[in-house]
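Only one chain is shown below, in structure tokens, and it's the form predicted on its own.
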Amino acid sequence: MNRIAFAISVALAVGVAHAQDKTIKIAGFGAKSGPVRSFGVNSEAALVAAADVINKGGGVKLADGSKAKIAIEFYDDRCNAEEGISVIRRIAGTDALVAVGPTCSNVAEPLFGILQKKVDDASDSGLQFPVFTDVAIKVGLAKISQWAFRNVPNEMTMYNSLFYWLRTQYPGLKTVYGGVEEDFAHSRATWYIVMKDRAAASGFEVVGNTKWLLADTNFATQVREMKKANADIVAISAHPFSACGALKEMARQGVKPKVLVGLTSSSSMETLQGCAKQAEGMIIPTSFAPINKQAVAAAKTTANFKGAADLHSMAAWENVFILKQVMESERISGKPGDVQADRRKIRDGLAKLKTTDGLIGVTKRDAEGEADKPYLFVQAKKGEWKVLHNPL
């Protein structure tokens, strides 16, 4: 081989190596410590699993026709608002193009508040960085910033449907009583704004509620109040750790409502691992169940990365595939000098979406960056979540 041919072959080999080395960084963040740590652990596993599937399929096509692999880096915000704000500022200082998170609504709400409220507002010095939420589900948060987007289900829609369905299935039931995890933004809002309102709208009489905290371990007083109310339906608006504590105390005191309703976030393996016996029969609306081939495959692949599939982690999985679609449709360059330009392209691409393909069906998207996801009702039966009703 002459020198020129050798030089060309070396250059081509180096070019191929560089093409293969291209990466697009997506930052994940959420709670990997504290009482709700499992949500962050599962989201990270789903993000890495989805990226692995995409990378094995060739990666993300860039504007110049080359391909880049997706690299995931996950940050622990400990479900703490100050930590979350610090984390998103840290992520924005890296070459990550977008962040998926956070876990907790009490982190998402103030965090969205430090983002630029309206794009191209020169008077607003807020952070210009796209955030695509997978878990934090409190109603209406995406409207805080045009850089914030969510792929979480609409609880108002789901609980409206659930209580209406309960009214038709159990016409003899009249009253509802709530158990509320008071210090967690999601569970508190879901009881006072969603469950309580939608139960009344379906004709049930809401006869009261009792309160506890996420880290509480004694529920005797609250369950005595619940027992005194003697409601037909008890709705537990709490995450798995405290929900299981309340359910165990209910069993100890012999509180047996005719129907038990749970919080969306408690339709998880953590609940069944913590109190399957006491949760038996609980009904929860959710935006994920392994009801088709792609949902089963996503759950199995995430399990290979030591994560459990539920409505939150599978939203993280969907987010990675949605971001791949947006990156390709908006023709990001993936070049080091174009990080902020690519971030803006991703933001604009997310804002354009009217629908996205999810694991159990098509998700509609609105102008505020919120999702209207397909959903179904699951029920705890013998240590598993079984589909009870599928309105799809």
Partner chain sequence: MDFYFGLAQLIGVHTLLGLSAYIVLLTGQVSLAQAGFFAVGAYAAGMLTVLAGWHLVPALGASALCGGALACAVGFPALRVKGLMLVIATLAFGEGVRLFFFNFDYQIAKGELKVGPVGGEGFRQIRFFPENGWETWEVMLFIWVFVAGAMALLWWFDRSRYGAVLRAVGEDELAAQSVGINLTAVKVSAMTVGGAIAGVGGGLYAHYTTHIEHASFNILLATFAIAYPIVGGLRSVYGTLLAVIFVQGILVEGLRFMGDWRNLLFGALIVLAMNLRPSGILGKGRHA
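In this text, rigid core is short for the largest set of C-alphas that superpose within 1.5 Å between two forms. Numbering follows the first chain given and starts at 1. Note that the structure is a prediction, hence the values are computed from the model and not measured.
Another form exists, predicted in complex with the partner chain; not displayed. Remarks below refer to it.
Contact stretch among 317-325, 282-290, 258-266, 75-83 - heavy atom within 4.5 Å of the partner chain in the predicted complex: In short, 75-83.
The partner chain: the contacting residue among E182, D197, D95, D232 in the predicted complex [heavy atom, 4.5 Å]: Answer to the contact question: E182.
Option touching the partner chain, based on a heavy atom within 4.5 Å in the predicted complex, out of A295, A99, L166, I114: Contact with the partner chain in the predicted complex is made by I114 alone.
4.5 Å heavy atom contact with the partner chain in the predicted complex for all of S33, E109 and K138: Affirmative, all three are within 4.5 Å.
The partner chain contact at V87 in the predicted complex, heavy atom, 4.5 Å: Contact with the partner chain, yes.
Contact flag, G126 vs the partner chain in the predicted complex, heavy atom cut 4.5 Å: Heavy-atom contact with the partner chain at 4.5 Å: present for G126.
4.5 angstroms heavy atom contact with the partner chain in the predicted complex for R37: Yes, contact at 4.5 Å.
Contact label in the predicted complex: A299 to the partner chain, heavy atom within 4.5 Å: No, no contact at 4.5 Å.
Core superposition between this form and the one not shown, C-alpha change of K143 at least 2 Å: No, because once the rigid core is superposed, the C-alpha of K143 moves less than 2 Å between this form and the one not shown.
Core superposition between this form and the one not shown, C-alpha change of I291 at least 2 Å: No; that C-alpha moves by less than 2 Å between this form and the one not shown.
Core-aligned C-alpha movement of L214 between this form and the one not shown reaching 2 Å: The answer is yes; the displacement is at least 2 Å.
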